[in-house]
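Here you get one chain, nothing else, as structure tokens; it is the form predicted alone.
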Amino acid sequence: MAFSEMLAQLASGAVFTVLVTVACCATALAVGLLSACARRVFPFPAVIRALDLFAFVFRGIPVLVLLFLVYFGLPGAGIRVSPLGAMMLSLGVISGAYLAEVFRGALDAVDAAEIMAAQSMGMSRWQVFLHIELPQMMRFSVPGMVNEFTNVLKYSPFGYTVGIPEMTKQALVLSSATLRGVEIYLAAGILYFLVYRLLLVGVRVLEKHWRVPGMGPAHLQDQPV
């Protein structure tokens, strides 16, 4: 088998790697934002305790254990989940628990004087969160999001355990068939790095969208993605 053919097969697996990574990152972002919104808009003791318990539990569960529980365990209760859905409900939710803590720290970094000024102008709690806290929270959270989304990419090979033909699965098949493991895994590593760079571009788009006008060094305001 020619190296170009092996690279093409790995590239077909890279498509599934990107799909799993994007889907799980979107799930994590939704879970983290929902937690941040609930914590700020409904600051009741019961809500705070429930959110703390959620973060504590899901940050302590291994991804592979939760993945098997969702994909192989739920059918026993009559609930069938697709392989991609199982990845989103395991890796996506666990990553969302980590992002919830990242967002909590970012919210605490927002200047309290700005919140008081907005409230003194008659803005509701939801308006303060939406227009004052949320944009700054997203901006402060960029380093944490990059780190967590990178972890999602690194855990995406677990998808092959539930039947997703992603890049690691293709590399395993090719390596066992051709016995050219060095070339195959080197090519897979390069493709993973390219996916990582693509992920960074997506995060920079989010950063530019949520950036607070006038904040940050001037040379970063118009920095290209």
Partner chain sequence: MWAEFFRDLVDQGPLIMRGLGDSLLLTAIVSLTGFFLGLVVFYFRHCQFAIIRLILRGYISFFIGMPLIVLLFLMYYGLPPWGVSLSPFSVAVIGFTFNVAAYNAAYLTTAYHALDSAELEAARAAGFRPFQVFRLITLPQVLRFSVPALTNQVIRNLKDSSVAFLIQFNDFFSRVQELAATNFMFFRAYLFAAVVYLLLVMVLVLIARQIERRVMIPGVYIAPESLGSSAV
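All values derive from a computational prediction rather than experimental measurement. Positions refer to the first chain, counted from 1.
Missing here is the form predicted in complex with the partner chain; even so, the following discussion is about that form.
> Of the residues 198, 41, 34, 61, which one places a heavy atom within 4.5 Å of the partner chain in the predicted bound form?
That would be 61.
> Can any non-hydrogen atom of residue 73 be found within 4.5 angstroms of the partner chain in the predicted bound form?
Yes - in the predicted bound form, heavy atoms of residue 73 and the partner chain come within 4.5 Å of each other.
> Can any non-hydrogen atom of residue 168 be found within 4.5 angstroms of the partner chain in the predicted bound form?
Residue 168 belongs to the contact set for the partner chain.
> Verify the contact flag for residue 85: yes if a non-hydrogen atom of it lies within 4.5 Å of a non-hydrogen atom of the partner chain in the predicted bound form, no if not.
It does not: once the partner chain is placed as it appears in the predicted bound form, residue 85 has no heavy atom within 4.5 Å of it.
> Determine whether any heavy atom of residue 52 comes within 4.5 Å of a heavy atom of the partner chain in the predicted bound form, and answer yes or no.
So residue 52 does not count as contacting the partner chain.
> Looking at the partner chain in the predicted bound form, which residues in 168-184 have at least one heavy atom within 4.5 Å of it?
Read in sequence order, the residues that approach the partner chain (within 4.5 Å, in the predicted bound form) are 168, 172, 175, 179, 181, 182, 183.
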